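Take a look at this single chain, the form predicted on its own, given in structure tokens.
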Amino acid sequence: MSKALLGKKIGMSRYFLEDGTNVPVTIVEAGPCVITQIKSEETDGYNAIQIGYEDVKPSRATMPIIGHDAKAGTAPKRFHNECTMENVDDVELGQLLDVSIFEDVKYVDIIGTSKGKGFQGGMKRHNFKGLEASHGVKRAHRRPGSINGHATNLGTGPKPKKGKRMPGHMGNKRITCRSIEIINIDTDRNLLVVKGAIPGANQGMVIIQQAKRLNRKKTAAVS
């Protein structure tokens, strides 16, 4: 069975462990998801399933999406995502996946889109300390400083080198938080309580999947 679901970030809260420890947590609505397509090595060259999440009105969906999801016997879904698998023998088209698939999983990777901040300066975007706030600096307190030293790159002409930290668009990027610990699972309401913060705004769509790599400490905790 695939260890991946689509979900929605509900918000942050706190969770008290049995020993009274106060843990900051994020509550995620994980699923339920429907398997809308099955790919196999015979037909597509690899094994994978496509899952759909959250019903949408047919008037707000396209005809290809409506027909695609109708083959799985379900209403059109708002979000779709593909998950690779070793084999697809134990899955069926239209099968329902809920948060219970994570009951034997301790750590997950969560993928989301970070909050968009628009155009920001160097201090907010790259944590520059800024110039002095004393007399003689004039109106240059939040400027990034001189970029002339990086204005010549051999073979590319008189322009800043690629990767130069400057003001620009900030946020609205795909972010992956790896090896997040699962604190609690509510199978009745399909809620997943994970430790710490995850990317994105409240009500934003996220992808939850079983952690792909763990450090030594977390590997020992799982084993």
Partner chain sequence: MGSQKLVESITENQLRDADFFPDFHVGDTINVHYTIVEGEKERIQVFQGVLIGQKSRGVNATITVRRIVANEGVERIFPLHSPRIAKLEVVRQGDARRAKLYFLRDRVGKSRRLRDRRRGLKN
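Positions refer to the first chain, counted from 1. This one's a predicted model, so the numbers in the text were calculated from it and none came from an experiment.
Not pictured, yet referred to below: the form predicted in complex with the partner chain.
Asks: Test of understanding: in the predicted bound form, would M166 fall inside 4.5 Å of the partner chain by heavy atoms?
Replies: Close contact is absent here: in the predicted bound form, M166 is far from the partner chain, nothing within 4.5 Å, heavy atoms only.
Asks: Does the partner chain come within 4.5 Å of any heavy atom of N22 in the predicted bound form?
Replies: Yes, N22 is a contact residue.
Asks: Look up in the predicted bound form whether E181 has a non-hydrogen atom within 4.5 angstroms of the partner chain, and give yes or no.
Replies: No.
Asks: If you check in the predicted bound form, is L191 within 4.5 Å of the partner chain, heavy atoms only?
Replies: Answer yes; at least one heavy atom of L191 falls within 4.5 Å of the partner chain in the predicted bound form.
Asks: Looking at 182 to 190, 33 to 41, 166 to 174, 61 to 69, which stretch has residues with any non-hydrogen atom within 4.5 Å of the partner chain in the predicted bound form?
Replies: Single hit among the candidates: 182 to 190.
Asks: Taking the partner chain as it sits in the predicted bound form, which residues of 203 to 222 have a non-hydrogen atom within 4.5 Å of it? Please list them.
Replies: Stretch hits: a single one, Q203.
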